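The data below hold one chain only, encoded as structure tokens and taken in the form predicted alone.
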Amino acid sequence: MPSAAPALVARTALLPRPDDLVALLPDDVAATDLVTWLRDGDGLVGWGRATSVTTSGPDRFAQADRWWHEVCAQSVVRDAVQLPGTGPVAFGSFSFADESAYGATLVVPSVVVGRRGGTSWVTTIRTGATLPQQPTVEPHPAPAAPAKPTLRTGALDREQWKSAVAKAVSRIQGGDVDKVVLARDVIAECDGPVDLRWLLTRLAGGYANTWTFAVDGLVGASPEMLVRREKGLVTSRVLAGTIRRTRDDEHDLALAAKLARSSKDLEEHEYAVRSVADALAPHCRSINVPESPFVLHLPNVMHLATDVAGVLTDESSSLRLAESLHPSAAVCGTPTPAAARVIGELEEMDRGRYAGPVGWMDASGDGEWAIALRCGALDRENPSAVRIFAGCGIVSGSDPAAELAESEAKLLPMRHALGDD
């Protein structure tokens, strides 16, 4: 069970607009005590650890949500800005599987700097009885690039993973399951410690239209918003169906048109959209699901994408909404229980917090939670190593070699961030 919720004192004040939020992250704080949530230059960064909680098992979401509610209920807050993400904020990452040894963590930083449109702010959070003073916020020296990493096999090598894909296709064609998402991991090891700030600089710069995140040593650039709750409006971006980009814009346009017509990818996408709409239905009214997806262009791949929206009708926090959506068909499959069993049988690894919810929540329950994709987990015992992940949706028409190529494309953001160009 989580420890008793502490009483916090939080103070939010306006701040002159910083040029680069990542540059504000200090170079003398442990990587696990740096947090980031950025898209197109706006968002949140934080450092230090005013308090945190770790939970595990099937109730990890409910336990974390209850702990945060108790923290906020007894905290003293002075917020001169009053925007989503001001006041006390908790950043979280949650394991994909209930039984995972990696569990879940909510971290409340000591300092959070935010930027939203033309407004910037700093929040200082402490335990105690007096309001904290506003800290000095200034850029720090640029992080050093790591040496080009050496990549080694994770749980399964390429041939073993293709064999797992073939087995999954056979299970689908046999009627055991409609869709299953299979992931693979790769270990990247550098000659010296990896500076988390370098990874964030590369990801935020190279993949600006994704959500660049760092929470408790998990870092990545996710294109998939699991759920956003803001002032009663709930939105979710669903991605399923992928094609790798080339360096030729004209060719990419032809590939995008091909993706939009692909029966295999449209089938995979339909399963994912349906799972999200069904999960949100008990919490929302006026759910809007577009009739057809659009093609989302990212630097390395293109995805079929659909934005689902609804109006919240209960008191569910953004974290509890994320719980209701996890795991979606986009990262597990459908039907969910059958797909989860196939994953357990074929992947031969604990995904950890890969493909689990990652994001933030403020005292009102508003927040944003992405699916932890295009990401890696820092090795707590070996600071030179990062475990990176990629997964693919498998349906009856999937080809193992093509799925392997897709997984390689999805590994590129983290490989590029590590200097493996």
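Residue numbers here begin at 1 and follow the sequence given. Please read these numbers as outputs of a predicted model, since none were measured by experiment.
This next part talks about the form predicted in complex with a small molecule, which is not shown.
Segments offered: 198-206, 240-248, 226-234, 101-109. Contacting the small molecule in the predicted bound form at heavy atom distances within 4.5 Å is 240-248.
Residue contact with the small molecule in the predicted bound form: Cys392 places a heavy atom within 4.5 Å of it. In the predicted bound form, the small molecule sits within 4.5 Å of a heavy atom belonging to His303. Taking non-hydrogen atoms only, Tyr354 approaches the small molecule to within 4.5 angstroms in the predicted bound form. Taking non-hydrogen atoms only, Val53 never approaches the small molecule to within 4.5 angstroms in the predicted bound form.
Proximity to the small molecule in the predicted bound form, taken as a non-hydrogen atom within 4.5 angstroms, holds for one residue of Val215, Val181, Leu319, Val194, which is Val181. Though the small molecule is absent from this view, in the predicted bound form it lies within 4.5 Å of a heavy atom of just one residue from Ala90, Val219, Ile343, Ala330, which is Ala330.
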